[in-house]
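Next comes just one chain, in C-alpha cells: the form predicted alone.
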C-alpha cells in the first residue's frame, strides 16, 4: 500500500502535466477561433434581430422583420438568382477544366513543366490584379475580345455594360482564376494512383475513356468532394472582382450576395439588414455543404 500510493500520485501528476501542456498548446488557436469566428457569428445573428442604430435612435428589437423585408426585396431576389446562376456556371466549368488540365500535365508531354506553371499562374495572382487584366480584355472598342471580333469583321460588344453578358463575364474570370488552383489537388491525387491499376485496365482491354470513367474518376472522389466544397464556398464569397469589373451593375445584373451585403453594411449603412443577409448566406453555405457530404460523400470511394 505504501508503494502503490506514491505511484498513483506520480501518474496523476504526469497526466495533469500532459493536460496542462495540451491546453496551453491549443489556447492560442481557441482564442483566435472565438475572437474572429464564433463571436462575430454570434454577434451577427444577434444584430439580425435588431434595427440599425442611428445617432438619435438606438437599436431596438424587430424580431424577424429583416427576414420579412428580404422576401419583399426585389434586389435580394435578383441577387440570389444571380448567385445561383454564377455558381451553376462557375463550379462545373472550373472543376471540369481543372480535371482536364491535371490529366494533361500528368501525362508525359513535351514542356510539361511549362504547362504546369502556365496553368497555375492565375492562382498566384491577387484577384484584383486578375480582374484588372480581364478589364483590359473586356474594354469596349480596343479590348482584346473586341479586337478579335474586329479581325473576323464582327462588331464590338460592351461585355461588362450589357446586362445579358455582365454576369457571365465575371463568371469567366472566376473560372480562369480557380481552375489552376483546383488543378493542383487533382494533380496530386493523380500521382497517388498506382500505375499497376492502369496497367491492369490496359491488359483487360479497357479504352482510355473506360479507364478514366471506371478507375481514375472513382479514385479521385475524395479530391472531387474537397474541390466541390471549396468551389461552392468560393461561388458565394465572390466580391473582389465585382469591385473592379462591374460594381454589381448594370442595374444589379452582375450583383452577387456577398457584394449586396457589403453595399447594405457599408454603403447604405443598414447593418441590421446586412446582418440578416449574412445569416441567410451562412445558412445557404451550410445547407450546400450538408448536401454535398450526405449525397456526394456517401458515393465517394476512400482507399
Partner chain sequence: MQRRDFLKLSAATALTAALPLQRAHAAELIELPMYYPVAVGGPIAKIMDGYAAAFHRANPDVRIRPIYTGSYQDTTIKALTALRGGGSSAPKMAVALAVDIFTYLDQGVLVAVEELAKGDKAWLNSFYPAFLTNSRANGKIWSAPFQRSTPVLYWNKAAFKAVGLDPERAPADWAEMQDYARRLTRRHNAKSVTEWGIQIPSSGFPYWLFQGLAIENGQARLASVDGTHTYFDTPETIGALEYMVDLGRKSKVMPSGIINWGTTPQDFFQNRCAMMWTTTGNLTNVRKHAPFPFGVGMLPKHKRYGAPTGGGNLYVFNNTTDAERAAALRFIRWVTSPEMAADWSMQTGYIATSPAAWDTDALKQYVAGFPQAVVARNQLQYAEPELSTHQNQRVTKVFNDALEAALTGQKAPAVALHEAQSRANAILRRYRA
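Residue numbers count along the first chain shown, from 1. These numbers were taken from a predicted model, which means no experiment stands behind them.
The following text describes the form predicted together with the partner chain, which does not appear among the structures shown.
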query: the partner chain isn't shown here, but in the model of the complex which of 61, 266, 39, 46 has a heavy atom within 4.5 Å of it?
result: 266
query: Thinking of 126, 222 and 226 as one candidate spot, does the partner chain come within 4.5 Å of a heavy atom in every one of them in the model of the complex?
result: no
message: Partner absent here, but in the model of the complex, which of 154 to 162, 228 to 236, 172 to 180, 113 to 121 has residues with a heavy atom within 4.5 Å of the partner chain?
response: 154 to 162
Non-hydrogen atom contact residue 278 with the partner chain in the model of the complex at 4.5 angstroms: no
query: So, in the model of the complex, is residue 270 in contact with the partner chain at a 4.5 angstroms heavy atom limit?
result: yes
- prompt: Is there a heavy atom of residue 67 lying 4.5 Å or less from a heavy atom of the partner chain in the model of the complex?
  reply: no
Interface membership of residue 141, the partner chain in the model of the complex, 4.5 Å heavy atom rule: yes
- prompt: If we check the partner chain in the model of the complex, which of the residues in 92 to 124 reach within 4.5 angstroms of it by a non-hydrogen atom?
  reply: none
